[in-house]
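Below, in structure tokens: the form predicted alone, a single chain.
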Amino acid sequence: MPNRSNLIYRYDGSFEGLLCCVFESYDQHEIPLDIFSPASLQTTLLPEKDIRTETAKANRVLASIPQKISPAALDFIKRAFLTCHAQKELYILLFLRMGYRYGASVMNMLTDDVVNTLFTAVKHLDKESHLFKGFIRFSVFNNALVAEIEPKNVVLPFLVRHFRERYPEERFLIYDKTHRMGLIYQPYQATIIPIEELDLPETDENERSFRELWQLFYDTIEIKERHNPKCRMSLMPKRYWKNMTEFGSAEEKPSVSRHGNDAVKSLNFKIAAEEKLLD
């Protein structure tokens, strides 16, 4: 049996890097106390080990998961990796160790703390990505649709199919401000790329008019006698309101930058040949 060490693993934050942490755990017969990514701001007095990302090692672990556990387990940990759980890396490593021991049945061991923690995190991811399918609001900038979101989890991969099917002939950008990445789509091609910062140009008169009409429609259809703020917040959590047109001021404008127009134009939603397309 491996020892639960007082080591802290540090890795590069990629899924491939996390698989290398799993490889290291088995190779050295140790289980780390925690696993930190570059995004982690934690400091510790415990000894740390930097885990290098090596494709060969990552591929060995990747291939072993559907063979020794199940294809469903592989899909599950990929989703778990996109959650906002603070210790998702450690729990994924522990889950895989259990999976190698118990096989496919690990997916049904919901009373176990490790399995239950990951299932809860994935459920939160699924719920949030589903809500964004209805809560995203687009605005028009330079003849392209642009939306900003601030999710807790990495939801963009789960929004591709929905919006690709809904707007197949449009060009659009969904910018995730939390994780600084964007879903860029032009007809029949989509990709997710890192975007450190996006400064949008000032809205034009036509866009402002549409916002005013949408806010007027939203206010008009409400039945005043049935106004129920608590019910509204349970169905539409307040943290989503910031980026929803109907809750903003008609005169409110996005942040303006002298480089704003250039930023949107330069994107122009052209998909680079070397970018990996999402199915």
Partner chain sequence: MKLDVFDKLKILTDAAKYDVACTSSGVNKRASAGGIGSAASCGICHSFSADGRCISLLKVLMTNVCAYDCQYCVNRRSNDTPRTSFTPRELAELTINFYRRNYIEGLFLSSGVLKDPDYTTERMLEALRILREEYRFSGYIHAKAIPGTNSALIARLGMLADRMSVNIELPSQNSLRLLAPDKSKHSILAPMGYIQNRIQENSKELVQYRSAPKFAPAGQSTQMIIGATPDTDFQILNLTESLYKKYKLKRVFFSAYMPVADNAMLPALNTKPPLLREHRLYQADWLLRYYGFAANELLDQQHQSFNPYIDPKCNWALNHMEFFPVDVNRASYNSLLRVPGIGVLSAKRIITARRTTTLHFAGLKKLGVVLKRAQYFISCGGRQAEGLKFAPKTMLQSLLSDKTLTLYRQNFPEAPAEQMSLFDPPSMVQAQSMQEELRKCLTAPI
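Numbering follows the first chain given and starts at 1. Computed from a predicted model, the values in this text were never measured in an experiment.
Heads up, the form predicted together with the partner chain isn't pictured, but that's what we're talking about next.
Residues within 4.5 angstroms of the partner chain in the predicted bound form, judged by any non-hydrogen atom, belong to 222 to 230 and to none of the other stretches in 37 to 45, 57 to 65, 24 to 32, 222 to 230.
Residue in contact with the partner chain in the predicted bound form (any heavy atom within 4.5 Å), chosen from 175, 158, 76, 135: 135. Proximity to the partner chain in the predicted bound form, taken as a non-hydrogen atom within 4.5 angstroms, holds for one residue of 72, 84, 193, 109, which is 109. Among heavy atoms of residue 189, none comes within 4.5 Å of the partner chain in the predicted bound form. The partner chain in the predicted bound form comes within 4.5 Å of no heavy atom belonging to residue 100. Using a 4.5 Å cutoff between non-hydrogen atoms, residue 90 does not count as a contact of the partner chain in the predicted bound form. Among heavy atoms of residue 245, some come within 4.5 Å of the partner chain in the predicted bound form. Residues 137, 138, 140, 143, 145, 162, 163, 165, 166, 167, 168, 169, 170 are the ones in 137 to 175 with at least one heavy atom within 4.5 Å of the partner chain in the predicted bound form, listed in sequence order.
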